[in-house]
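One chain comes next, on its own, written as C-alpha cells: the form predicted on its own.
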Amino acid sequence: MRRLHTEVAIVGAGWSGFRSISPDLSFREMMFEAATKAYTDAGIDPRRDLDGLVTAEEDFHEGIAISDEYVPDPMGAVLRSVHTIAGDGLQALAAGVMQIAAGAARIVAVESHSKASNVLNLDQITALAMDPVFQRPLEVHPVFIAGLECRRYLEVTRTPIECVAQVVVKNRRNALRNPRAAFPADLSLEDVLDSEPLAEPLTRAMAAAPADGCVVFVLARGDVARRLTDRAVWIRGLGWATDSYTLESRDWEGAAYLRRAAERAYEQAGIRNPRRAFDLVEVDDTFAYKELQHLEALGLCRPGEAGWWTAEGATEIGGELPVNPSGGCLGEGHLLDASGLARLLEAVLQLRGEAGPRQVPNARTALVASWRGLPTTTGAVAVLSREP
C-alpha cells in the first residue's frame, strides 16, 4: 500500500486507567468506561453511527478462548462486525483504516485493553510464544532474549549502559507530568543501574512493569470527520512488518521489523527526512534499550547515535525531538496488547494541544511506533498530523 487514497482521521479518544492493579474493575467495565469517553469525544451514538469494531487482544492474556466474543457488549457494538487482531493495537488501527479505505465502513471503533494484574504467570505465558521444537523445551525465562539483544546492541553500537539508564530516568520523570501513568518516579542513574539484576546487562528498573488499562479510538472517513469535529487527527501513513520468529536467524543488532514498517509509513506520508518531519515521537520502550534501538531503526538518528542523543537531552520535553513525553511504557506501565494504542493516545492528545503540563509547544506532527513484545520481531508505525 503506497499513498493512502482515502482520508481517515481519529475523531474520538477515550481511556480507562492506567493502574498497576485494578481489583475494583473488570476488563468489561474498563472497556465501557473508555468507549463511553471516546464516543462522547467524537459526538457519535454507537448504536446509530458505528459501522464496525476492531479489537486487538490475545486469548492467552485473557485466560479464555474466543475472548473477542465478550467485546461487543461493553463497546455498544452488538450486531456490528467485529474484526479481531491477535497483535498490537497499532495493527488494529491499520485494520480499521483499511476497512474505511475499502469502503466497508464510514466510522469504526478500535479497542485494546490489558488486565495484566489478573495474570499470575505472565512470563510462562510469554514463553509459550517461543519455538515449540528447539527453544521452548529449554524452559528458560523469555527475558533472556532481551538481555542478549541488549548486550549485542551495546557492543555493536558502542553505547554505554549509562545511556540505557538515562532512558529510564527521562521517561519515568516525564510520567510525573502524566496523570495516566502508573509508575512515575524521580530516579537517578545510580538508582537504575543498582536496581535488582534482571537479565544481564538489564536491571529490573530497565524493564516496564505491567499495568491495567483500556484505550478506545473512533476513526472516521475524511468527509465524516470534518462534519463531526474540528479537532481531528489525521492518519498520514501506516506500516507494519515482522522479521524472523526464530532466535537463530533474527537480526540481533537493529530492529529490522521497525525499519521496514517505517519505510512503508514514510512512503505513504511522503516523508524523506524523518529527523526533521516530526514534533514528537512515542515509541515502544518495554525495555529501555528498545527506545534507543527503535529511534535508530526509525531513521531518526544513525546507528550508535541514539544513546548519546538521549544523554545530551535532545529527547527530553523541550529538547530537539521529544521522545515519549507520556513516560512511555516505563512510566505509564506496559499494557500488553494495548501498548501501541497507549503510545498513540499520547500523540493524539499532544496534537490536539490537550497534554497538560507535558504539552510539546505547537505540536503538529507525530510519529508512533510499537513492538509486539517478547519473543516477537513485529512492529508497526503510524504517521499523524493536525492537517490532512
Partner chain sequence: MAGRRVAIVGAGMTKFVRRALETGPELAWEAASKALESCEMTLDQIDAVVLGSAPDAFDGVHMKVEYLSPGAGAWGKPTIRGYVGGGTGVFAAIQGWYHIASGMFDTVLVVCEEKMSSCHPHPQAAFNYIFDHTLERPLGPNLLWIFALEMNAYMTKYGLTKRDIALVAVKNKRNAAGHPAAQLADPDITVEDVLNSEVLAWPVQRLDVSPTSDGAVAVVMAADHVARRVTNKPVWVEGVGWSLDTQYWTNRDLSYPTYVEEAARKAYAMAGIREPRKEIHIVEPYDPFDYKELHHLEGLLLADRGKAAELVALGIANRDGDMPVTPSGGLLGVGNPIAAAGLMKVAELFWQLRGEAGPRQVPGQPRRGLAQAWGDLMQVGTVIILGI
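Positions refer to the first chain, counted from 1. Just so we're clear, the structure is a prediction, and the values are computed from it rather than from any experiment.
Omitted here: the form predicted together with its partner chain. The next part is about that form.
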*Is the gap between residue 33 and its partner chain in the model of the complex 4.5 Å or less for some heavy atom pair?*
no
*Is residue 84 one of the residues lying within 4.5 Å of its partner chain in the model of the complex, judged by heavy atom distances?*
yes
*Please run the contact check for residue 249 against its partner chain in the model of the complex: heavy atoms, 4.5 angstroms, yes or no?*
yes
*Mark residue 191 yes when one of its heavy atoms lies within 4.5 Å of a heavy atom of its partner chain in the model of the complex, and no otherwise.*
no
*Do heavy atoms from each of 5, 61 and 260 fall within 4.5 Å of its partner chain in the model of the complex?*
yes
*asked:* Please pick out the stretch from 169-177, 206-214, 71-79, 151-159 that is in contact with its partner chain in the model of the complex, where contact means heavy atoms within 4.5 Å.
replied: 71-79
*Can you pick the one in 185, 98, 311, 301 that has a heavy atom within 4.5 Å of its partner chain in the model of the complex?*
98
*Only one of 271, 228, 198, 125 has a non-hydrogen atom within 4.5 angstroms of its partner chain in the model of the complex; which is it?*
125
_Residues within stretch 235-267 having a non-hydrogen atom within 4.5 Å of its partner chain in the model of the complex_ = 238, 240, 241, 242, 243, 244, 245, 249, 260, 264
